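Presented below, as structure tokens, is a lone chain in the form predicted on its own.
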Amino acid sequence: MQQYIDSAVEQFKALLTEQIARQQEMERNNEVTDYQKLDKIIIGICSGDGIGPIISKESERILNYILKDEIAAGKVELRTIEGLTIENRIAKNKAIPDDVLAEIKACNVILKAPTTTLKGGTLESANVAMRRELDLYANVRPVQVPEQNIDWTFYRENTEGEYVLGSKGIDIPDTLAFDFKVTTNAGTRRICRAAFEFARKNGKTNVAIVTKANIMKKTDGKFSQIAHEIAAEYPEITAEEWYIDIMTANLVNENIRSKFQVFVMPNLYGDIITDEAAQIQGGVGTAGSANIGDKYAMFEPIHGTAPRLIEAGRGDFANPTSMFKATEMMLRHIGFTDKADKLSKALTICTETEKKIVVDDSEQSATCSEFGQYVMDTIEKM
């Protein structure tokens, strides 16, 4: 047993050294991409696994259509990035193989379809690895249900918490296992500032700080303390702290949920509660997600690869709405606000107003491609 303890101590020492270095790097790094100053914006498209290639193909069609003038003028380039498949990642035993990561880093922004994350083992999630490698510290997920007066924006810390060391835990055979959670000062400051800046710029008056600081006293306690320090710089905004368990209940409480506007929280809580929020909106298939850093940004649907749909031979009937929402968020982020507005309006018409073509679980469902064409035809009429 002592040999396991000694090994665990050495492993924890290495992790501690690594995370201190990460904190110091965050404090030094100040490189920020200004998309308006780029001669050409390079958009990398990663098709992923399962239904990923099917829904990403439709987003690529829409981008080629809606950005045709910019592509023709050489102001925008679409690059297909192969190799982020589960087969290739397993073969090379890397969450993101080195050659694929190099291709990703040669782009300015990434549009990514869902990728498979294996249960158990040591192969890290491609999402977690990409967020770390590109320092995509802010996971931003909007949820809107106008008829219920719901207009929420979630700011989830994206590069630390329980996930940053999720594949580096300690296992003592037949005895116990440890995983680690890390909260840095620099990482917490920047996600909290991003949330409060968004609130200020968009006329929001309420930010909910979501933790479990009463139990996780060191990590969540630090997050809570720093969040309130940042909040003090925004006196026009009301900052309220809620524990994650009661906040999950608040989102389904029709008496109070409409008062919430902006949320900021550590990684794991954000992962869970944004899926709940998306379900209130209409399901995880309706929600896109932004992963934003200072230099890079990556946009994706929040759902997974839908293996059951693939196994049933119905992959062509996958709903691409979440991928289109991610595409809209990406267009807005890189400065094509008018085109993002057109896509947003078209999606509203296609999914809420007209609904001439519907992708669902029924035998009468349209295909992913048919729905994609419906969206493009709708944009053409504008």
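Keep in mind that what you see is a predicted model, and the values were worked out from it rather than measured. Numbering starts at 1 and follows the sequence shown.
From this point on, the text means the form predicted in complex with a small molecule, which you will not see here.
The partner is not drawn, yet in the predicted bound form one stretch among 200-208, 251-259, 171-179, 300-308 has residues with heavy atoms inside 4.5 Å of the small molecule: 300-308. Residue contact check for R89: none of its heavy atoms lie within 4.5 Å of the small molecule in the predicted bound form. Y137 falls outside the set of residues with a heavy atom inside 4.5 Å of the small molecule in the predicted bound form. In the predicted bound form, the small molecule sits beyond 4.5 Å of every heavy atom of E103.
Interface membership of F154, defined by any non-hydrogen atom within 4.5 Å of the small molecule in the predicted bound form, is ruled out. Annotation: in the predicted bound form, residues S47, E60 and K325 none come within 4.5 Å of the small molecule through any heavy atom. Of the residues S125, T85, S224, N108, just one reaches the small molecule in the predicted bound form with a heavy atom at 4.5 Å or closer; this is S125.
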